[in-house]
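Just the one chain here, the form predicted alone, laid out as structure tokens.
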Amino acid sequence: MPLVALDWGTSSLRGALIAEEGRVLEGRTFARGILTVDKSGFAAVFESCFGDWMQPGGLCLIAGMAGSQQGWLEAPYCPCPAGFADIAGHLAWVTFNGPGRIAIVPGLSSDKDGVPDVMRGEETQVFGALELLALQHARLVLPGTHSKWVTVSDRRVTGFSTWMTGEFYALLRQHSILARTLPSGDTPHNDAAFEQGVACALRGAGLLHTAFSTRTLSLFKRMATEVLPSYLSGLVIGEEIKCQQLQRGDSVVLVGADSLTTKYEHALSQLGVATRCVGQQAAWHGLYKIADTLHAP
């Protein structure tokens, strides 16, 4: 019986109907992220968007922010180290009046030096990437507003860290002194300016210093205004990468949309780090594998 797999995030709701061996039969996307849904309205939204996929005896697994305090049902985090079986053992089951069963994937927590870190949704992409690439051990990065760097050993997530790279870019782009220098609207990505920003970050003293170069390069007419956003993007991504203590010859798995993973691929190449990329289908493979683990004797 096909699995109903959902990635229910803050701003969007994606779903896939998945058959044997992780084959996607159909996909749907709606602008119904959790912030658009009243606390009592999740069941109705689910029914209107995916109710026709549910069958008696069927299963739906939901990853992402639907398991947060603001979501359908809070799913407590599963502590690291964690693998497929640990996630399956921590599913939060939803009371649902329709056919089949619905469970929410818990997300992961990690603790380093007394400071906790968390993720929701990315864990299914990590497990999906491991399955797609047949990996037992890996270092992965999931770029985004809050990028996640994840370490996997023996197919278990042993630790991870969150980097607010995308959010810092937006803050600098829109609300700092740099906003007066940068173009007001969107401009095409410029590879050369981006790579220059990465290089500056890798050799620089830190983002608190290098970020100001976005203003001074424009002030002294050494960089065109329209490419400054690409340069700033290179600075913040380069800063993130510099902090990972990577060595030439290391390998990293990039998971996410091409628009972001391509940037990280170019940035990592400046350090001589090899990359493999997995697209957003990783979430579906991860949910399918969790369901498969759940059904195993």
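Throughout, we count residues from 1 along the sequence that is shown. Small disclaimer: the values here were computed from a predicted structure and weren't measured.
Separately, the form predicted in complex with another copy of the chain exists; it is not shown, and the next lines address it.
- Kindly indicate whether Leu207, Val236 and Glu240 are, all three, within 4.5 angstroms of another copy of the chain in the predicted bound form, using heavy atoms. Every listed residue reaches another copy of the chain in the predicted bound form, so yes.
- Query: Of the options Thr187, Thr151, Ser161, Thr181, which one has a non-hydrogen atom that comes within 4.5 Å of another copy of the chain in the predicted bound form?
  - Reply: When another copy of the chain is considered in the predicted bound form, the option within 4.5 Å is Ser161.
- Item | another copy of the chain: the contacting residue among Leu133, Val118, Ala192, Ala85 in the predicted bound form [heavy atom, 4.5 Å] | Flagged contact: Val118.
- Task: Determine whether any heavy atom of Leu171 comes within 4.5 Å of a heavy atom of another copy of the chain in the predicted bound form, and answer yes or no.
- Result: So Leu171 counts as contacting another copy of the chain.
- Would Arg139 count as a contact of another copy of the chain in the predicted bound form, using a 4.5 angstroms cut-off between non-hydrogen atoms? Arg139 lies outside the contact set for another copy of the chain.
- Do Arg203 and another copy of the chain come within 4.5 Å of each other in the predicted bound form, heavy atoms counted? Yes.
- Message: I'd like to know whether Thr216 contacts another copy of the chain in the predicted bound form, with contact meaning heavy atoms within 4.5 angstroms.
- Response: Yes, contact at 4.5 Å.
- Item | Answer range among 107-115, 122-130, 151-159, 86-94 for contact with another copy of the chain, defined in the predicted bound form as heavy atoms within 4.5 Å | Of the options, only 107-115 has residues within 4.5 Å of the partner.
- Query: Are there residues in 19-45 with a heavy atom within 4.5 Å of another copy of the chain in the predicted bound form, and which are they, in order?
  - Reply: Only a single residue, Leu35, comes within 4.5 Å of the partner.
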